[in-house]
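What follows is a single chain, given as structure tokens, in the form predicted alone.
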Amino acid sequence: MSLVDSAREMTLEDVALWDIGKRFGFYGSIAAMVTISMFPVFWILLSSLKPPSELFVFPQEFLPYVITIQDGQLTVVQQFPLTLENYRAALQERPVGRYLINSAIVASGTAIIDVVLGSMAGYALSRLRFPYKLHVLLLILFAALLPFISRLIPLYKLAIDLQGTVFGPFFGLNQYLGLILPYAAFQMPFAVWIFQAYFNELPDSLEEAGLMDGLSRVGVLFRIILPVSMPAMATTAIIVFIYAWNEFLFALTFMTQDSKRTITVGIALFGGQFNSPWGIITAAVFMSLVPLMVFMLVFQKKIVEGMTAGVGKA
């Protein structure tokens, strides 16, 4: 019997079962990916709410309460107590709030610089005609492939040399701009590629109308193109923000004063020489995750639109 004959003999019940199977596979795969992705976050949250005596009990209990059947009745059993003591200790032992503010300033400044300059560079590479445009794009991509650590020592020496000069209070050690500018430079290739790909999707008629009305190229970019490019702006801003928020090595090197440290460095300093307060550390880690999760939830639709725009174009 051929495949065609077999398909003709399928009943409505077979089609319904096939449809149920497809849906089960689709939603089951999504549930599995979400579970695997969110399990570390769930574990961090759970550990931050446990007393220190419960952190290293084996086998690990992942639910504070379970429902069991005892004497034929459903009974709720507590497996371990929940406490906010780790959060209180984290806020008292270290200036976690100051660390979060420093991270927010550095990450926001980096995102703003990359969105402004990345959009201008992306617009030029998308709309203007000049020779070797593809070579310029590849050169920008090559710059993104250089390892960050290879730039650490030259930039650190430059920051030290600026100390004592008129630029020291702005770009030297323990200055926000001294950390923001390297971060912005590292993520600029990524921003340029996102904006260039997104602008390729926009119709030429948008800017032609602006140019006929007497606007300059810069005016067209800021008054016509960018207002309709919110997905690209949101994608660039959020991804650059997350990078700057999570970066550790440069923040540890350039911010030596405790009042200027970012949250990643502050969390690393919770551990002592002979002990590591994992409950307090997990509480600080979860507090650092909350702003990122809120941003991702608020801008998730725009991020997906920006990431999928211009796929396959250069």
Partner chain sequence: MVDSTTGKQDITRIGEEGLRGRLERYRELRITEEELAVVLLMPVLAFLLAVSFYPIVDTVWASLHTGYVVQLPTQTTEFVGIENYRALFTDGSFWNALGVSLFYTFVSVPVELVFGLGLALLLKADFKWKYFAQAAILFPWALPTVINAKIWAWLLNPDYGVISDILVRVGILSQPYPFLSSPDVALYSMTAITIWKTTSFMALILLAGLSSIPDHLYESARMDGASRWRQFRDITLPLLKPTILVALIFRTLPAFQAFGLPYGLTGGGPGEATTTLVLYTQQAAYNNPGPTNGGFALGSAAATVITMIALVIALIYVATLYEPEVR
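Positions refer to the first chain, counted from 1. Just so it is clear, the model here is predicted, and its values are computed rather than measured. Rigid core (definition): largest C-alpha set, two forms, superposition within 1.5 Å.
Not on display, but discussed next: the form predicted together with its partner chain.
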Partner proximity in the predicted complex: Ile242 to its partner chain, non-hydrogen atom cutoff 4.5 Å: yes
Taking 4.5 angstroms as the cut-off for heavy atoms, does Pro154 touch its partner chain in the predicted complex? yes
Flag Tyr27 as yes or no: does it have a non-hydrogen atom within 4.5 angstroms of any non-hydrogen atom of its partner chain in the predicted complex? yes
Heavy atom of Ala124 within 4.5 Å of its partner chain in the predicted complex: yes
Each of Pro182, Thr264 and Met296 having a non-hydrogen atom within 4.5 Å of its partner chain in the predicted complex: is that the case here? yes
Note: its partner chain not shown here; in the predicted complex, the stretch from 67-75, 174-182, 225-233, 91-99 having heavy atoms within 4.5 Å of it is 174-182
Contacting member of Ile112, Leu202, Val136, Ala104, with respect to its partner chain in the predicted complex [4.5 Å, heavy atom]: Val136
From first to last in sequence, which residues of 133-162 have any non-hydrogen atom within 4.5 angstroms of its partner chain in the predicted complex? Val136, Leu139, Ile140, Phe142, Ala143, Leu145, Leu146, Pro147, Phe148, Ile149, Ser150, Arg151, Leu152, Ile153, Pro154, Leu155, Tyr156, Lys157, Leu158, Ile160, Asp161
Using a rigid core alignment, state whether the CA of Ser47 is displaced by 2 Å or more between this form and the one not shown. yes
Compare the position of the CA of Asp258 between this form and the one not shown after a rigid core fit and state whether the shift reaches 2 Å. no
Align on the rigid core first; then say whether the Cα of Gln79 has moved by at least 2 Å between this form and the one not shown. yes
